[in-house]
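This document opens with one chain alone, in structure tokens, the form predicted alone.
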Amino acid sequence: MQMKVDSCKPAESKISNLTFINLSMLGVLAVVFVAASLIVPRFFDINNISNLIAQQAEIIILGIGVTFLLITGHFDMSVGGIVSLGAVVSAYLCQAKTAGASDLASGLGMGYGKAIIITLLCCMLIGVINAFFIVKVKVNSVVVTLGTMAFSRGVAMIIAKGAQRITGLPPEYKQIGQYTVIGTINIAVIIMIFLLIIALIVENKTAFGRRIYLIGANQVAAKLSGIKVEREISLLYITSAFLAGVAGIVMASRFNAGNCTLGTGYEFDALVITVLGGTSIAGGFGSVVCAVVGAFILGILSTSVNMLGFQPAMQMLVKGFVIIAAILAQRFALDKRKV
């Protein structure tokens, strides 16, 4: 059942295709970093670098769940909406009850720990809905998760009345996103590293991780071998929703506000960093390492074009060009190895 390595490695190759892609994209990351350091003034500054690392925390947390689902051949486009839901619900539950205040200035006054637990459960419920329609009703994963993305964001907009909940939040609400450990590295980065370590252990050291790759390589064969495919995919959707909720709480903490616009477009960014790093959208091939590498490539590009003063339209053009070029280079390199 060692599908992760053996299925991706040609007989004449000394390393697997996955390792080859990871090393290649690390090389691309190094080139992009050096180029940015040479071209962008003050890019290679300790504060700028620590900012760059801190800014990738939420998208990498999202990328973990999206990566595992992509490996099985499934998509999760709901994560951006769940980020918004997590941000707004956590703020609403934490806000102090204020008599006579406007609806946006008064919440349920729960303790922070209890509010976070309830928020994550609400987010995981979206994952349960995704799993039900995809696994039981057999609806396409893109269709279902786009629908639940809109639903989640709609609920967030209703609770936040199209704005944000910012008053009456307890002091501890902003600690995760604003309390710095080293430079501008905050607790959110520590959470991201912790989740990455768990994901790598699951991916490389557990039977569950091996089953994920087998499902992505051949779902029919996986069922015939005794793997409970529906259960595994359902668990991955619930986990992805949980991670999106964590990202929403982290992001809301960074801004100290439950803003219903948080997470807008993050479903596409999470997909981009995962594919950019080397994970296959066809399933059976990839790693959370791919998401990390892709996140930093995209982060350096975004920071660089912003610091160079490019207009938003030009920023999108440059990022789009580099992303397409990197993905085509991956495909070309893999094809050459198979010749």
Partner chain sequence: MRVLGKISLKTTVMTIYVLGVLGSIVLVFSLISVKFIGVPNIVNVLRQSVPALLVGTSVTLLMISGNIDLSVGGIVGLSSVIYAICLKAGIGYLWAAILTLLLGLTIGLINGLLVVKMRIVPVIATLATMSLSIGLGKLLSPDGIGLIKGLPEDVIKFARTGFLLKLPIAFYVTVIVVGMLVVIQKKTVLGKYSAAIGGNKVAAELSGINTKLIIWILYAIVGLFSSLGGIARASLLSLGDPTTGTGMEMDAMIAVVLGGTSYTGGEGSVLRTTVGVLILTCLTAGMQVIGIAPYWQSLVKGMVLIFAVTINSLVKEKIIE
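Positions refer to the first chain, counted from 1. Small disclaimer: the values here were computed from a predicted structure and weren't measured.
Keep in mind that the form predicted in complex with its partner chain is missing from the display, and what follows is about it.
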Worksheet item: Out of L235, M157, V181, V229, which one falls within 4.5 Å of its partner chain in the model of the complex, going by heavy atoms?
Response: M157
Worksheet item: Of V289, V272, L29, V40, which one comes within 4.5 Å of its partner chain in the model of the complex, counting heavy atoms only?
Response: V272
Worksheet item: Any chance I281 has a heavy atom within 4.5 Å of its partner chain in the model of the complex?
Response: yes
Fill in: Heavy atom of V144 within 4.5 Å of its partner chain in the model of the complex
yes
Worksheet item: Applying a 4.5 Å heavy atom distance criterion, does K161 contact its partner chain in the model of the complex?
Response: yes
Discussion item. Would you classify L224 as touching its partner chain in the model of the complex, given a 4.5 Å non-hydrogen atom cut-off?
Written reply: no
Worksheet item: Only one of 306-314, 44-52, 57-65, 30-38 gets a heavy atom within 4.5 Å of its partner chain in the model of the complex; which is it?
Response: 306-314
